[in-house]
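Presented below, as structure tokens, is a lone chain in the form predicted alone.
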């Protein structure tokens, strides 16, 4: 599931908007993506089901974006717990968490991976 720290509880994104958000694209909301490290199982599942690219392709994409100065990869956190703490402290922060993880009421589930 994709969760965000936003005061607007009605925000719901579709898969393409989530993909765009995490690949540095434009969406109609002021959200900023954060990520887990490449070896994290939740990230692997997220990349497979939402982004649709392998980790090596994603790393290659971000290397190219960084080299050309166009975009920066989402900030990474060591694990789900540290990501969750960051999400709670920063308005607009958006991240993905494993299904079944308790989501604090301050966060909004904006997309659920089928």
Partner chain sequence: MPWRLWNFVLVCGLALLCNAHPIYAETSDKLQFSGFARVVLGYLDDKDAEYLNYDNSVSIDNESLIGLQADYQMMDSLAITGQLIGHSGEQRDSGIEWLYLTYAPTNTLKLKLGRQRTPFLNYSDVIDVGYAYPWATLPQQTYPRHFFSNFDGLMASYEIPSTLFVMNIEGYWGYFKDKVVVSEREMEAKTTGFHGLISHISFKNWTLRGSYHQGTTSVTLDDVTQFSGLLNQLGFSQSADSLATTGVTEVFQFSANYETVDYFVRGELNRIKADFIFVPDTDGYFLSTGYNYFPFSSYISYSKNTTDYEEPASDIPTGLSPILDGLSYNYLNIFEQLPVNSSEAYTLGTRWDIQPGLALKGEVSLIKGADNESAFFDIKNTAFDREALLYLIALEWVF
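Residue numbers count along the first chain shown, from 1. No experiment lies behind these values; they were computed from the predicted model shown.
The next section is about a form of this same protein that is not shown, the form predicted in complex with the partner chain.
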property	result
82, 84 and 104 each touching the partner chain in the model of the complex (heavy atom, 4.5 Å)	no
Residue contact check: residue 66 to the partner chain in the model of the complex, 4.5 Å heavy atom	yes
Non-hydrogen atom contact residue 32 with the partner chain in the model of the complex at 4.5 angstroms	no
The partner chain contact at residue 90 in the model of the complex, heavy atom, 4.5 Å	no
Residue 98: touches the partner chain in the model of the complex, heavy atom cutoff 4.5 angstroms	no
Residues within 4.5 Å of the partner chain in the model of the complex, restricted to 44-74 and counted by heavy atom	48, 52, 53, 54, 55, 56, 57, 59, 60, 63, 64, 66, 67, 68, 69, 70, 71, 72
